[in-house]
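The chain below stands alone, shown as structure tokens; this is the form predicted on its own.
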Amino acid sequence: MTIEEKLASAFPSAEEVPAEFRAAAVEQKDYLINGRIKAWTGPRRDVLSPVGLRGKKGPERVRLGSYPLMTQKEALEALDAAAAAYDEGRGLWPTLSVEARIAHMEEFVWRMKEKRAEVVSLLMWEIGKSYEDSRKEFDRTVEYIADTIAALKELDRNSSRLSVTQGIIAQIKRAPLGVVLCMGPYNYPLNETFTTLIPAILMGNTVVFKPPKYGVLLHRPLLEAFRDSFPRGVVNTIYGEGSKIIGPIMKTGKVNVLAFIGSSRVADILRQQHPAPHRLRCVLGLDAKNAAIVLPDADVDLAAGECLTGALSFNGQRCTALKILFVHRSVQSEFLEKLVTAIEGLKLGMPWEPKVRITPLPEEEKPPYLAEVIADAKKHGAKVINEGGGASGGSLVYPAVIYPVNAKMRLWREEQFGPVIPVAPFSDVKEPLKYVVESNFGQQVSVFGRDMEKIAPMLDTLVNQVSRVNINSQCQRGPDVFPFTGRKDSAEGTLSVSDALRVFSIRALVAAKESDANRKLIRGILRGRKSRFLSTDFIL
């Protein structure tokens, strides 16, 4: 069977979808603002799955339901609710004790777990992520929340004492920043969205939350959990076209923190719309063009396996994916042969199929875009070296290995965010190092080799260009306790379990000159538990 035939036969008929995986339409007609789930009677947008059902004219995308197309009016209502709940730092949530905020979050997690099956199903159908990976994303998110709560307890414990320095009594803790606008990405619409949403809430901020364009409906089952777990106005949801609802929010100047994971182009637009950008704190996860460098002494089997996984996990739709491979000419033939052979062994199909690796792409414009960059590479001297590479059928695209790529090609600089693997040969390690240095992006890099005398100086160069250097392994985000950030145009702010708590807060202190009167005053506040901030309570 040819690749084209495999693509054509991959899409099932309605009857061939296993009963346990069939999607039920979700017609979302509600949204959460100021602690109330309100009914939406205005226009809605249909949600079409990347999964298609076989028909006479080819696969037709399954309609999954619809969501509200809100207007500026509702967006500003959500913003006002968040601002009122924060109340310039005087609101219930920002002044609540850390222990009390943790209790609210633990209640949310309990309610969230009850919705696991619904969220996982929608995650699979909305973005084409495999059933196995969809379950992993949900479970990893729950684990992330638990780890964040544990980190916050430790952070608060370390701040539970007073210090006396140069005649000044002080207690230093972390305080919230204000109203956070939270926007996550479609490739990890639950997990990466929650890596900003959860720490922002826990630190006492209030939130306006817009789900990504793909991966909207999977958040619907959690609306009641948000409503019932937090005081009103702490979490508010908005839906619709970003240009119509996000711009008006930013222009008010009421947003204190922009938490956005997406393209640098959109991030720049959003930041520039704020009337006081110097007062706006940004937490941004942006573009990446992570490179792998395969040295002549590398374990080729290991390198090919890691590069395959790094380039094609979730069809390459990860910011941490390997987007370009530099392979030394002495091992290029062996490496490419192993890479192509490994691709031939990947299972292509629908997301519910066991061990499936290549699944439908959620963006309708992605297959034609990938065809464009492949054609551009061919025009400048590259070839698709694996059989059927780049072939498409509906929303499925078969992985393509493009070799040799050079600086004239779009694939040299553009983040393809799909199952296309550009490979560039090199003779001197200065060539890939020059690429990393000159790149606009600086998230991660992978180095494959065994000679410590060669790798050590590379590390010293690369750590000043990217935020993470992976030795003999693919680029990746986890474990979540590790810092996740980037240099240049790849990120702003650091996300990890502990770093995220800090990035959504600021160090604040209460201080007084050491005198009998002040000692008496502070002692009275502490013993009477008059203040939630000035407190020596220890969270167990």
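Numbers follow the displayed sequence, beginning with 1. If you're wondering where the values come from, they're calculated on a predicted model, not measured in any experiment.
This protein has a second form, the form predicted together with a small molecule, left out of what is shown; the following refers to that one.
Here the marked residues R140, Y188 and Q476 all reach the small molecule in the model of the complex, each with a heavy atom within 4.5 angstroms.
None of 33 to 41, 60 to 68, 508 to 516, 477 to 485 except one has non-hydrogen atoms within 4.5 angstroms of the small molecule in the model of the complex; the exception is 477 to 485.
Residue contact check for R220: none of its heavy atoms lie within 4.5 Å of the small molecule in the model of the complex. Using a 4.5 angstroms limit between non-hydrogen atoms, S229 is distant from the small molecule in the model of the complex. In the model of the complex, the small molecule sits within 4.5 Å of a heavy atom belonging to R318. At the 4.5 Å threshold, heavy atoms of E192 reach the small molecule in the model of the complex.
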